[in-house]
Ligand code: NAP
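One chain comes next, on its own, written out as structure tokens in the form predicted alone.
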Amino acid sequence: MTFTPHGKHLVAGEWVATDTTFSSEPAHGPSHTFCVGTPDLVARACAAAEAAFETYGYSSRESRADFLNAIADEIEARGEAIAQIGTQETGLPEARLEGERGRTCGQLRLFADHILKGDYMDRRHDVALPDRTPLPRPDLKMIQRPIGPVAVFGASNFPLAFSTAGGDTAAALAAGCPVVVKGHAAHPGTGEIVAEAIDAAIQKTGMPAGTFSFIQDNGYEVGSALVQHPLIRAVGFTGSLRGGRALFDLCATRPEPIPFFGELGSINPVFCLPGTIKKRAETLGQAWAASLLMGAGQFCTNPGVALVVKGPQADKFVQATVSALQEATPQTMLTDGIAEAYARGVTDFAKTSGVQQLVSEKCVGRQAVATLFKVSGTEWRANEALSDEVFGPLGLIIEVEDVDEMVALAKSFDGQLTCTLQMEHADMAHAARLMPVLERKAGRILVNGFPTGVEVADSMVHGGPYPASTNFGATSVGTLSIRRFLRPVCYQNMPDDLLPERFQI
């Protein structure tokens, strides 16, 4: 199936053109022209979302589940066309996009099942105690309710799973919140075809037209207008620390501040404990290199830093990593801008005092090659810039004198999405020392794995203390993410017929 984008915005069921346009910058294949959104268009979409909320926010869980499943059906029906435009725009292999499409549809269906169970509403009931002294107690019922229209920003590195119909959109729609999506300029055609799928599902299930809108932009005006619009009640964002912090500040300085759920950046340290280095230094180095290379290092969970206790066994780990990275072939990065930023990050690391570059090949255009650096724990602490995320296949080995220094360094890390313990049974005491530290640093702690696979499940936490995310109590992956778009409401002495949901505990 061949797909040629029309380049328009979707606002409450209507495809709308605007005067100003931009051209896509595909990794290969033809470039296409897309309309640039405006603040007026944002205002139209937000007004339509608010109007839709009066119906959609009070819709049954069954009807919303049907809607989510219909979106998944429509995405699957466009699978071939999505793969065609997605591979052209991003340079990602078709197999990766097919897997991401499956994850996207799986998320939608998971939320459909989740809301049907009803547990997410956290229903609580304190029965009336009219005879209690000195004062009677009223009948109290509590339930989680949708907050209203939500703004979602598409992510550069996941054109499907974290973009137009990705996790933020799925969670908000499941909660009963209309969504206005700001598409990402890295994959505008992919965003458009997925928006078409959502629009088809709206028509198929009879949902209000304003339940979903999609606005394209290659700058900052639409995003700024969207987060500041008074009808938007929360924002879901996956992207850079710089861009996310700017939007977070706009949300905080509104006349009525709103929550900004941003996933911003993480270097995801891997703590290689002595027992595991002694037993499997070479295989661990190869496995870490493979994780660094996955998707050209363009994952928010890319394990960019490994800590080892220096010595002969650590040298084996280093050499195994070097060999594996040197054998890797260049990979296409998602955009020219991301490739340029990666090249700058490599250059900045190479110029930093005390840093030794172990693997170095020059990047050409949008093709990224892996790089590896090594630094002592002392030098790492002295150079704060080394703790910044470099988006791409860059690895940094921190050699420490002993486990005491490793624990001290763990305490100095900023908030992370993940921390990983590579350990054997003999390392249990060391791991026990690290665990209280890592629990305060990350939303997910792994043992003997790598964090680049994020399971979509009830127990998953994809978030962490700042700057990993702007709200350490939230997750952007898994069914718990629905809580971001709900708020508790208590009903006192309320007749059952006036409650928004059938109330059963």
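One rule holds for the numbers: they count along the sequence shown, beginning at 1. These numbers were taken from a predicted model, which means no experiment stands behind them.
What follows is about the form predicted together with the ligand, which we do not show.
The partner is absent here, but in the model of the complex a heavy atom of 218, alone among 367, 205, 387, 218, sits within 4.5 Å of the ligand. Residue-level contacts in the model of the complex: of 166, 395, 265, 176, one residue has a heavy atom within 4.5 Å of the ligand, and it is 265. Contact between residue 183 and the ligand in the model of the complex is found at the 4.5 Å heavy atom cutoff.
Although the partner is absent here, residue 462 sits close enough that one of its heavy atoms falls within 4.5 Å of the ligand in the model of the complex.
In the model of the complex, the ligand sits within 4.5 Å of a heavy atom of residue 243. At a distance threshold of 4.5 angstroms between non-hydrogen atoms, residue 157 is in contact with the ligand in the model of the complex.
With the ligand omitted here, the record of contacts in the model of the complex names 157 to 165 of 157 to 165, 94 to 102, 308 to 316, 74 to 82, defined by a heavy atom within 4.5 Å.
Shown here without the ligand, the chain has 237, 238, 239, 240, 243, 246, 247 in 234 to 249 lying with a heavy atom within 4.5 Å of that partner in the model of the complex.
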